[in-house]
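The chain that follows stands alone, in the form predicted on its own, written as structure tokens.
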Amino acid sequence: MVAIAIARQTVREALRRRVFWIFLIVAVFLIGLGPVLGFLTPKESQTIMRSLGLAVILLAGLFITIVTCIYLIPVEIERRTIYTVLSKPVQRFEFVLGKFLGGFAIVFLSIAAMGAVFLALVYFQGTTRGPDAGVLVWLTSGKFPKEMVLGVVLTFFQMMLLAALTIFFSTFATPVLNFFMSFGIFIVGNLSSVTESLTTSKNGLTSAIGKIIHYMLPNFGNFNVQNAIIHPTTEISNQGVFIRNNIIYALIYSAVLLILAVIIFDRREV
């Protein structure tokens, strides 16, 4: 498939960029700082390590996703290599889809690498497993931190949605403008409780603006479950439905953004 070939080339080019490896290495280093908090009580050390790990994965994933995806299409246009690509039997929707799949693969690799290091540290933390528990026993026991895996998985889908948003903007905006728009919408999308409160304002204009912001922009705040994960007293009711709804939301919203990106790019003269 043409889109897969474009995605593979995109991944190879992204892996050559130093900025990707810098973000990833720094993130892994920060996650690895968790075990040095041994001077704290076991409960405090466990809470801080989990909080730090999930926060680092989120922030590193954010910058890796944006910095990687904002250049995927504009660079091809700037270098004029897009003319070579489109002169071949390549449809424009295949080009956009291939670029997204390449960015999607980079997001997956980075989140998977950071998540693996994070979960390994959780496993080796003495307060999380028994002294004689092996990996298999740990996985099948009630001490397996399913909430930690949930946090990593939802962060991945959050970044997938952000990648689709960035690809959408890259079809008509410069990388610099794309960076600020994607980053700004990510911040606003994480303030879902604030935007939701605006929808109930007595001021008609404020309420209308609040509804547009709350329902039109991607709700990235739905994927942030760190507080409920770190503090078990705040439980998520019906966890299965919660995960399913967020994954479906990310998939549908990403699909809509990609369709819009294809429409815009198809009408653009390059």
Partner chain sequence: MAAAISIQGLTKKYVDVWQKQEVIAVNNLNLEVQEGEIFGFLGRNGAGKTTTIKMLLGLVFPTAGDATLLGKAMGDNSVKSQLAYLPEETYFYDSMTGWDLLDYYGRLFRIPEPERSRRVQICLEKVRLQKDAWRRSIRGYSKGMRQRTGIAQALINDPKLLFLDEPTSGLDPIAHAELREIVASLKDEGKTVFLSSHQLADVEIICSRVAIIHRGKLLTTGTIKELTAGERTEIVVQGKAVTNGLLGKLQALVPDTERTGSDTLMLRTEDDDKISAIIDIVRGAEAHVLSIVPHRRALEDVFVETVRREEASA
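Because the structure is a prediction, the values reported are computed rather than measured. Numbering follows the first chain given and starts at 1.
Separately, the form predicted in complex with its partner chain exists; it is not shown, and the next lines address it.
Proximity to its partner chain in the model of the complex, defined as a heavy atom within 4.5 Å, singles out one entry of 83, 180, 108, 172, which is 83.
At a distance threshold of 4.5 angstroms between non-hydrogen atoms, residue 152 is out of contact with its partner chain in the model of the complex. Taking the partner from elsewhere, residue 147 is found to have every heavy atom lying beyond 4.5 Å of its partner chain in the model of the complex. At a distance threshold of 4.5 angstroms between non-hydrogen atoms, residue 16 is in contact with its partner chain in the model of the complex. Interface residue remark: residue 188 is not counted as part of the site for its partner chain in the model of the complex, having no heavy atom within 4.5 Å. Here the chain stands alone, but in the model of the complex its contact with its partner chain, taken as any heavy atom within 4.5 Å, falls in 87 to 95 among 180 to 188, 114 to 122, 87 to 95, 164 to 172. At a distance of at most 4.5 angstroms from its partner chain in the model of the complex, none of the three residues 47, 52 and 55 contributes a non-hydrogen atom.
The partner is not shown here, but in the model of the complex the stretch 4 to 18 reaches within 4.5 angstroms of its partner chain through a heavy atom at 5, 6, 8, 9, 12, 13, 16.
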